[in-house]
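First comes one chain, alone, set out as structure tokens in the form predicted alone.
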């Protein structure tokens, strides 16, 4: 069996510019990977079928699963006769704004490219990924990037300044469609994307903290007050900056000094089951 790592991502910025004619929103966001990852196992099948195995009851095991869609896309596009069993060992919370499903799909594309000897480049895999979901292209590359279009146009950036990331996911589900549906473009508070890019290039930690912003956050906070409470508690416990990732509900805090990590982690564990303390990965996988 071939194993592939599928890391989570966070949004340092997420801006929504306008609604596109195709129904999607034009976005501009800076994403970076963190050291919280699913493990994807890929094993050849001789019957041509695609099978998903996961112990997580919230993970679909059929065509709704993005890893399934990734395998089907490559199989059908390149006329592959083999099938594959995909084992998902989930560590990334489901429906959390951390691109868990998208990262699983990207890892499946990369793993099957090797397993089926397709010899596709990362750029070709990213084009296939865009057909599956808006975050899959970024997840093919990993690291840190500016994503534009509907999220599929990727421009590599250097790793951000070193820091710890505290992730906290409340026990609620958030519908991305509902969040975008509640967004009023003329009321959007646009994050400082250019300042964030400068902070990353100059390794300016304070500017990075100041430039963090998410245009979807205000909508999700109205729909789910629990998210607001986690933000407030994280700041109270000593995070340098706090933001919601994606459409939520996961909130992350960034901390420069390790001495504060345990205090924040333990404080949040008092009322939130899913809390993680991780490091930034920041740079692209050299194999991507």
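Positions refer to the first chain, counted from 1. Since we're looking at a predicted model, the values are computed, not measured.
FYI, the form predicted in complex with a small molecule isn't displayed, but the following is about it.
- Contact between residue 71 and the small molecule in the model of the complex is not found at the 4.5 Å heavy atom cutoff.
- Put simply, residue 114 is far from the small molecule in the model of the complex: not one heavy atom of it is within 4.5 Å.
- Residue 253 falls outside the set of residues with a heavy atom inside 4.5 Å of the small molecule in the model of the complex.
- Of the heavy atoms in residue 150, some are within 4.5 Å of the small molecule in the model of the complex.
- Remark: of stretches 128 to 136, 71 to 79, 201 to 209, 114 to 122, the one touching the small molecule in the model of the complex is 128 to 136 (heavy atom within 4.5 Å).
- The candidate spot formed by 12, 213 and 243 lies out of contact with the small molecule in the model of the complex, as no residue has a heavy atom within 4.5 Å of it.
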